[in-house]
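The form predicted on its own is given below as one chain in structure tokens.
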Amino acid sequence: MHRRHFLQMLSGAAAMPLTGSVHGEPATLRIGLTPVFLDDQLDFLKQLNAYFARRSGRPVSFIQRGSYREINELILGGKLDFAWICGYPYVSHRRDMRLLAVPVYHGKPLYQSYLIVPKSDSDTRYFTDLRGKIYAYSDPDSNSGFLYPQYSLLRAGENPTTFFSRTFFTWAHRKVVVAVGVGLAQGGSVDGYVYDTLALVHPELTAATRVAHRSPLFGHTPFVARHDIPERDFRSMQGILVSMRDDQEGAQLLRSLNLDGFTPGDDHLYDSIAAMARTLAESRR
């Protein structure tokens, strides 16, 4: 199918109300979110909620949890309709989820993992320069905040579980930046998109850190649907996301997210993440 025709079809789908009702009233659309840089932007989430509700014709409820694992369990258990997650849990459970849409950042559906260090550290260039140091990860189910640095150490012939003197999880990329900036850790791994956005909206947080290494490009953090979502609902929500860039309110919300838009995406975007996940799993056997 021609791409332009496909996007026109999606735009039309955005106008279709999502199905499902309770006692004649539209059922609430349940969307799962994990804490990234949005954790203190309640006004923005209210605007996004209202936008999705108007476009879908249904009430919307954002369900926020402190880890990817909690959101994964909710969507796998059918307690969420959609969720914005990470590529690592997606490749681990893609038989039980459907890829709905992928963020477009700097013109591509891609992002990077950043290794960050204190601003005062001018020497570190790679993970192997931090042997015996204290290291901050964001989440054990994060690609950028855990999988990629673990895989990188394995590829360098190191044991990721013993390489650092101590490691800890902050449970949010923003908190990794804070931990490294105030000296609680000598290094940390973060989502590059989140870091770049923090540099725009909270430059005081990133100013105390330096990006020492950038990973190869990976498929951006996916929006997914529960595996048994009705097809009409899937296409409608996909259309809402993909067409956001085409209306004034949607475009403004995207600017607040520091995104160009969303695209239907391609499952192959996550092949490199899947390969790293297999390597890490094999190393633990």
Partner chain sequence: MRFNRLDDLSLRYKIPLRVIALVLVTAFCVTASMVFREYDESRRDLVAHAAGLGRVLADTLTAPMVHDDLWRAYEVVRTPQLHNNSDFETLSVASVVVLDTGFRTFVSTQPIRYPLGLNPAHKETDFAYMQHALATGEATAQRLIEPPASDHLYVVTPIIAEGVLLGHLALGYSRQVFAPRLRNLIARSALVTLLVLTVLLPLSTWWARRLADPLVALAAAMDQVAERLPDPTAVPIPSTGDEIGHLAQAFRGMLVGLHEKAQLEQHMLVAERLAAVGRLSAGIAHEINNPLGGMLNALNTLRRHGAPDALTEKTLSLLERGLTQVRNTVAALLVEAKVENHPLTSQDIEDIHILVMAAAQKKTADFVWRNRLDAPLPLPSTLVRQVLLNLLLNAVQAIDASGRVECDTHVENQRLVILVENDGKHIPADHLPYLFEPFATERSEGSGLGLWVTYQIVQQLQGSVEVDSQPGLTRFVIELPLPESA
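Computed from a prediction, not measured in an experiment: that's the story for all the values here. Residue numbers count along the first chain shown, from 1.
Below: the form predicted in complex with its partner chain, not depicted.
- Just one of A156, V201, V182, V211 comes within 4.5 Å of its partner chain in the model of the complex, counting any heavy atom, and that one is V182.
- Contact annotation: of the candidates T197, S92, T170, T124, the single residue with a non-hydrogen atom within 4.5 angstroms of its partner chain in the model of the complex is T170.
- Contact annotation: its partner chain lies within 4.5 Å of heavy atoms from the stretch 183-191 in the model of the complex, the single such stretch among 183-191, 99-107, 125-133, 80-88.
- Of the heavy atoms in L74, none are within 4.5 Å of its partner chain in the model of the complex.
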